[in-house]
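Heads up, the chain below is alone and in the form predicted alone; it's given as structure tokens.
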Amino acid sequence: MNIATRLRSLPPAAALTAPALAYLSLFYLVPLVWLFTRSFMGPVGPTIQPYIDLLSDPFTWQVIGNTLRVGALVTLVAFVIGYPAAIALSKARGIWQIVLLTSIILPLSVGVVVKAFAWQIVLARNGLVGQILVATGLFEQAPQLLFTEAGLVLGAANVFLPFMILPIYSVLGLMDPRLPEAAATLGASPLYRFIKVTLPLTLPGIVAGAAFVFSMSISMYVIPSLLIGDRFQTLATLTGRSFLFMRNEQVGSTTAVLLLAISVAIILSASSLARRVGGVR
């Protein structure tokens, strides 16, 4: 029986997903299994010693702390900027909604490397951010932002901002607009309506956006390499350095598995939280 005959004999849903499953199995699952297996392989066979050695090193915990702190800050900045933008996008109509949606989606077509180099120019001492801070009187001289953690957070939040806006916008689109109006007829103030009506109903979108941005922030490699350099290490950059420069597959695969475990835990926690706040059972 050839492949075409086998596919025709499968249920429609299985036949439609078979090419995607085959692709993911070959180009995602197999390398992942190799990476996982390699992290447990020692000179004389399977062992957990690489994890013991890695987790007993204080530098590893500093790297894990850097990873989680940058991920949390990038998520917070993306939420503070993205939530009002999602509300504006949901309230816009006609050509203005198209313009806003295009301005949010179009940057996704630009490569991360190009964006990171652009942020190197923006964050330089004579760059746009420094000039704005001096012009507003907050600083007498332009502060050092490039190759700092603050610059990394600003640049990464800009790159990942659409992934925070779009999930919140999709939830706002499903919300019944008569609910805030009903609360207003009962005398609720705008702030009370936002806290008691809009914010709770958009929590599933916030959780989904936060999970997207956080998981991508902790696994970014190019952005920290260009905006802060090698003196600030995260799990992703340490994994890259282990494979590319130190040629140490043992350390690289072990840190990669740690990063994968953190990402999976975040996704599962976000999924559970989204079901809970969304009332899905």
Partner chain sequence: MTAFERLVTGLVYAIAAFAVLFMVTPLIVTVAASFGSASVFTLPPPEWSLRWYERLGSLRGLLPALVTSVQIATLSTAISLVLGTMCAIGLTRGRVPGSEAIISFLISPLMLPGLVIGIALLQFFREFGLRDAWVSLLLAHVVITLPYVARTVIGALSLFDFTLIDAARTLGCSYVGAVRKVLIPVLGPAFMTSGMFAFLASMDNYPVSIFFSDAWTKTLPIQMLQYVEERPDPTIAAISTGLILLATLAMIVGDRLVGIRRMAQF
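Positions refer to the first chain, counted from 1. For clarity, a rigid core is taken as the largest C-alpha set superposing within 1.5 Å between two forms. All figures in this text were calculated on a predicted structure; none of them were measured in a lab.
Just so you know, the form predicted in complex with the partner chain exists too; it's not on screen, but the next bit is about it.
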Region of this chain that lies against the partner chain in the model of the complex, out of 175-183, 139-147, 67-75, 83-91 [heavy atom, 4.5 Å]
83-91
Answer option from Leu54, Ile228, Val63, Ala236, heavy atom within 4.5 Å of the partner chain in the model of the complex:
Ala236
May I ask you to state whether Leu24 is within 4.5 Å of the partner chain in the model of the complex, using heavy atom distances?
yes
is_contact(Gly240, the partner chain) in the model of the complex, heavy atom dist at most 4.5 Å
yes
4.5 Å heavy atom contact, Leu260 and the partner chain in the model of the complex
yes
Just checking whether Thr198 would be counted as a contact of the partner chain in the model of the complex - the rule being heavy atoms within 4.5 angstroms.
no
In the model of the complex: members of 155-183 within 4.5 Å of the partner chain, any heavy atom:
Ala157, Asn158, Leu161, Pro162, Phe163, Ile165, Leu166, Pro167, Tyr169, Ser170
Taking 2 Å as the cut-off, check whether the CA of Leu268 shifts that much or more between this form and the one not shown after a rigid core fit.
no
Quick check on Leu26: with the core superposed, does its CA move 2 angstroms or more between this form and the one not shown?
yes
Superposing on the rigid core, does the Cα of Gly173 end up 2 Å or more away between this form and the one not shown?
no
